[in-house]
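Shown next are two forms of a single protein chain, provided one at a time as structure tokens under the names structure 1 and structure 2.
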Structure 1
């Protein structure tokens, strides 16, 4: 490990309540906070991440409690006193910091494990740090590595493939029925938030022609406008059912608004084309007996919750595989850092060997009369080979696994033994 320390300090959704996190979250972008962070003494490189679930600083700095205190002060400002924020703040150093960053990038530290938004947020934060020249060789390498770790986790596990929200679970079920959602027609009954969210997912997956049927036409018009759709009254419901494929119902009605007997005659007119109903209202809007009709598929909120719970369990299994990948990549990065620490010493030793060879050749060759040009080349080559062979074993020792966890001490001893200048 180089002489500087990699530090990661922050708060997240696991240990810090929203009322504290919202005091720390950036509201005006990264530029000014990064400039302020750069004024902390002892930092060589720095990076800042702010999302609704976490605020973290990642730095390469000279080791010391002063730097950690200054970074904590930067994070909390006047929002909390040290006594107040002590229970929320986490501080990871070196290998722990690397491992934590990889866990965050792979969304294993997210509120919803496997979500993909965090990687985009990490990259956006990095773009700012890089643009403002806050990062250097260590953090550039570390952050790029975190992105590739996240990509590897996505490609080698199924951690992001199962729906873990009610609205997205509805999409997953719809795909099982229709295969593709391309050009499917959607009817929203009610203009509630859940129906809106489901419609967003449906349209995002290729559905078209959104129709909103609502008791209050004004609300229906507002929601329909969002999806370039049409608004109709509830009294036009049966007519619309002949034309659509997917129905999302979420009214506040006290009882069932659509019965089996209402839908049965419609299926003949539809030539038995499938109808997919999602009932996310409580109490339910749709008659459970609809499921008795051929080519009619009805799922209520409990069905969707069951899908979500099953998928969460699947994600937990995949998270075990993903954690193993993170462990492996964190160890690789630790090795890279260890190699970085000894590189200047290896170069200095090689340079010293070459200087000795040149000095001895300059002193000895003039005394050797009668050497041909070829003889001189052979002598020079022999001197270089002797030094290379002498240095081979010490260099292997310096790179060896046995001293990897004590590289600073090992490098210092090595430099003393070979008379190299102390590293700064």
Structure 2
């Protein structure tokens, strides 16, 4: 009877529509759902992941169809009947479960392959599970391994480096317009978080001189200080436009703040040097007609998303490399798990041998007269050596790779042969 099964059940963005996922997204944090999960019979260790794109439970349990059914019931609650959820739910066992977990951690199963957010979500979910003492030796090891697999994929492939983010896409476009970003000036309109992120990327790629224009000068000053830049009021916007090259706009203004007619006369003073506008505000800050001006390039958030899509092909190529790493690591983990399965048996056998040696010595030694302390020691050593030499080959057999696929059966036969008690 197989000892321990790793099970992974869940739904994700690929085969489950949002309306269904919404019904089971566990929005109320991890605490209550984990507690509810703990009430499912037969689970030894369990863990739960819930993001906007997926809900998955990972458990180590004594196998059985009942456990799977119970877990599915836990996931869907009363929202759907088994007939309804059958087509959405995926259920992986053992190697498949390990493989899937690693794929998720490495961001190969994500909607945007290569995005790094998922790893943080995984760690957060694990933190809750371990805090509430839901995980044990197997899941601890498995989840830690999944983090290191993700790290390995990130460092050995380019999967995360192509434009998976809006900011990165903006950089790539800027490069196609300006060649290099060295010494290009950046103007941020609005001092929000998005603007900050974009500025960070631009400065990281060589842009110098950040100017922040904001309605409240105080916020502008704070942000400008971060980049050793200057702060200006919104009324100085047009004046600044004569000096800068890249403009990132992200104000919360309800309407357009910069019109084509405002910019057109500026181009002469700029000697037609190109202007690159990035409008990441919703609703948009910048007049879409700006793009019609010569040497002016305007991209809004949707346009940038398209660039992100463009890089998908490149990412897919890297994804092949990444899934090879995942395969490799999943195999390694499987071996570890197999090793784990035989460890108690090896220990039990060793213990049994020791017990026999001790029992026999205790019976025989008192009957032997005139033994010096040294002779006694020699006899004890001999008894121990006989047993361990006798057990050496069987132990090697147990550890060996033979009949790998039926290691459970091997362990069972082994236990019967040596009269070890059945594993609990």
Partner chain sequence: MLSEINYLLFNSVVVVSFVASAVYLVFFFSQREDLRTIARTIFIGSGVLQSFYILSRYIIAGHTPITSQHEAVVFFAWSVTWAYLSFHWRYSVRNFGTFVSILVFIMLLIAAMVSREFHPLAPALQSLWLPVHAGVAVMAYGFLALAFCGAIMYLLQERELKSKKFGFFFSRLPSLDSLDQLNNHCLTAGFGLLTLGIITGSIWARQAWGTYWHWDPKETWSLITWFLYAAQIHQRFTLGWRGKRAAVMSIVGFIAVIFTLWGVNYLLGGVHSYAQ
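Residue numbers count along the first chain shown, from 1. Here the structure is a predicted model, which is why all the values come from computation and not from measurement. By rigid core we mean the largest C-alpha set that fits within 1.5 Å across both forms.
Of the two forms shown, structure 2 is the one predicted together with the partner chain, while structure 1 is not. Once both forms are overlaid on the rigid core, the distance between the two CA positions of residue 125 between structures 1 and 2 is under 2 angstroms.
Shown in the overlay between structures 1 and 2, fitted on the rigid core, is a CA shift at residue 387 of 2 Å or greater. The rigid-core alignment places the CA of residue 153 less than 2 Å apart between structures 1 and 2. For residue 357, the displacement of the CA atom between structures 1 and 2, after superposition on the rigid core, amounts to 2.8 Å.
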